[in-house]
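Take a look at this single chain, the form predicted alone, given in structure tokens.
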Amino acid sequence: MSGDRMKSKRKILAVFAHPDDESFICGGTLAKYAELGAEITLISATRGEMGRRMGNPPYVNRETMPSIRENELRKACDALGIQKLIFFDIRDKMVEFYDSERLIERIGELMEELRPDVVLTFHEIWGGHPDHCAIGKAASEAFRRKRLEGALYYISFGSAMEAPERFGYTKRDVVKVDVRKHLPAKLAAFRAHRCQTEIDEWVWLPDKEALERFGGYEYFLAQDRERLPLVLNGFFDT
């Protein structure tokens, strides 16, 4: 898709649990569509204050973790082209225990205000972490209740959805986004999350070597396969 084909400014709402979810899982896609002119809003349910990584060597503690991770997330947003960041300030590792109706309501209010063309969130089963699954379940329910005209996609880890059959889906349900031209932005976002990535030596290799560690595609699972052709033709194509 070219910028010329994006006839009106499109909107993406990403609903995630922690600082770094946006970079580590779908940073290339966010950078791609930001460059094409999409308005991207990111919700981070928590500030990641219970993260176990403290930098290498450690320079973070429990008291400084929330502010440090917020600052790192803001730098990552700059690297990816995310224009608006919203924190829900739910305690890290406690999203699954937050009042579910209130969470659905908060997400729904933002959906109604923003009217996004595309919503990205975690799958409520395949999210891989209780906070991920809880925020994904709430976002999915908010989307259903608001009956938005756009489409909702679940983010997936790495190339897991190259073989969606093991998760009970088919390739018809999967969108594969080419992010090869946007890997430098993704790497910059990884590096912005310094306290989380300093322990991963490959992130800090010379750019050429580090970039080779990324796959060239990111994968998304369509929440409603009937909307898949509409969105592919109109916005979220590869």
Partner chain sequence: MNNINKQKLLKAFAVFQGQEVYLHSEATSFIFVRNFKVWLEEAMIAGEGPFRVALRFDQVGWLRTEGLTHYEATADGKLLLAGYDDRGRMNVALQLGKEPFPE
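Positions refer to the first chain, counted from 1. All values reported here derive from a predicted model rather than from experimental measurement.
Below, we refer to the form predicted in complex with its partner chain, which is not included among the displayed structures.
Student: With its partner chain left out here, work out from 109-117, 89-97, 69-77, 157-165 which stretch has heavy atoms within 4.5 Å of it in the model of the complex.
Tutor: Looking at the partner contacts, the answer comes out as 89-97.
Student: Could you tell me which one of M54, L183, V174, V177 places a heavy atom within 4.5 Å of its partner chain in the model of the complex?
Tutor: Answer to the contact question: M54.
Student: So, in the model of the complex, is R62 in contact with its partner chain at a 4.5 angstroms heavy atom limit?
Tutor: So R62 counts as contacting its partner chain.
Student: Is P58 close to its partner chain in the model of the complex, meaning a heavy atom pair under 4.5 Å apart or at it?
Tutor: Close contact exists here: in the model of the complex, P58 approaches its partner chain to within 4.5 Å, heavy atoms only.
Student: Look up in the model of the complex whether E209 has a non-hydrogen atom within 4.5 angstroms of its partner chain, and give yes or no.
Tutor: The answer is no: E209 has no heavy atom within 4.5 Å of its partner chain.
Student: Even though its partner chain is not shown here, does L36 get within 4.5 Å of it in the model of the complex, heavy atoms only?
Tutor: No, no contact at 4.5 Å.
Student: Which residues in 184-210 have a heavy atom within 4.5 Å of its partner chain in the model of the complex?
Tutor: Counting only heavy atoms within 4.5 Å of its partner chain in the model of the complex, the contacting residues of 184-210 are I199, E201.
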